[in-house]
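Only one chain comes next, encoded as structure tokens, the form predicted on its own.
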Amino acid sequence: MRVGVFDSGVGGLSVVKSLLEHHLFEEIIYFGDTARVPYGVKDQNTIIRYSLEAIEFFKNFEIDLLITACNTVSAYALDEMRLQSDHDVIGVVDPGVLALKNAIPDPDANILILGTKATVKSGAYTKGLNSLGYHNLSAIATGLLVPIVEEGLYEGEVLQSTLHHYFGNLTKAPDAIILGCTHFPLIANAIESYFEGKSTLIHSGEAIVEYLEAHYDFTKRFEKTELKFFASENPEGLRRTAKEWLQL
């Protein structure tokens, strides 16, 4: 089984990492639109246009499934992508909501949603969680974290200052934090440390695996997965990040 993974930049590698760890696919083809990252500050029409261009890119490959590893795309362009695609297209928002429900069943739990400006504005996670009875929700647009991850700053003063900028006014650690951008799992350790390990982190990679295993038949597992990486700009930079993050 072959899968395509699409993201606005390098963040979708966090999804690839989880797919590799669970040996789900024979081949993974990754495309990062690094020339136009971040998507989270763009308007809906632009997000949809870029996403449909990604659909055209993946038509060059014989894939069985496409994972849209970008939360912003998942919130705004998933329906349009499915109409233009010859195969299933899966976003990350619904799997994230499912993973939160399975990890934190208490509807009174204090849930913090992190994402880009566009993802937070869409209310996609809030709507999904509200429909399951969760009501103690808050959301913070943490868009500065995207370029920080793109620069490979997974720790250090710049990252810590940015986390304090966003979280310094919170009076207590949330029960759970939805990392509503696939860039954010790359700094999950820093976020977890900031909240002193008191918050359960929900990230797209494991959420996608949980969703896939619930909806598709993966009786066959692959010990070795072929990886192909493509980018709209600086593909070598993407491959270097992939080598570091995926320990290739």
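These figures come from a predicted structure and were not determined experimentally. One-based numbering along the sequence shown.
Keep in mind that the form predicted in complex with D-glutamic acid is not shown, yet the notes after this line are about it.
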Report the stretch among 52-60, 193-201, 209-217, 33-41 that approaches D-glutamic acid in the predicted complex to within 4.5 Å, counting heavy atoms only.
33-41
Contact assignment for D-glutamic acid in the predicted complex, among Ile111, Ala124, Val146, Leu100, heavy atom within 4.5 Å
Val146
At 4.5 Å between heavy atoms, is Cys181 in contact with D-glutamic acid in the predicted complex?
yes
Even though D-glutamic acid is not shown here, does Thr142 get within 4.5 Å of it in the predicted complex, heavy atoms only?
no
Neighbours of D-glutamic acid in the predicted complex among 103-140 [non-hydrogen atom within 4.5 angstroms]
Thr116, Thr119
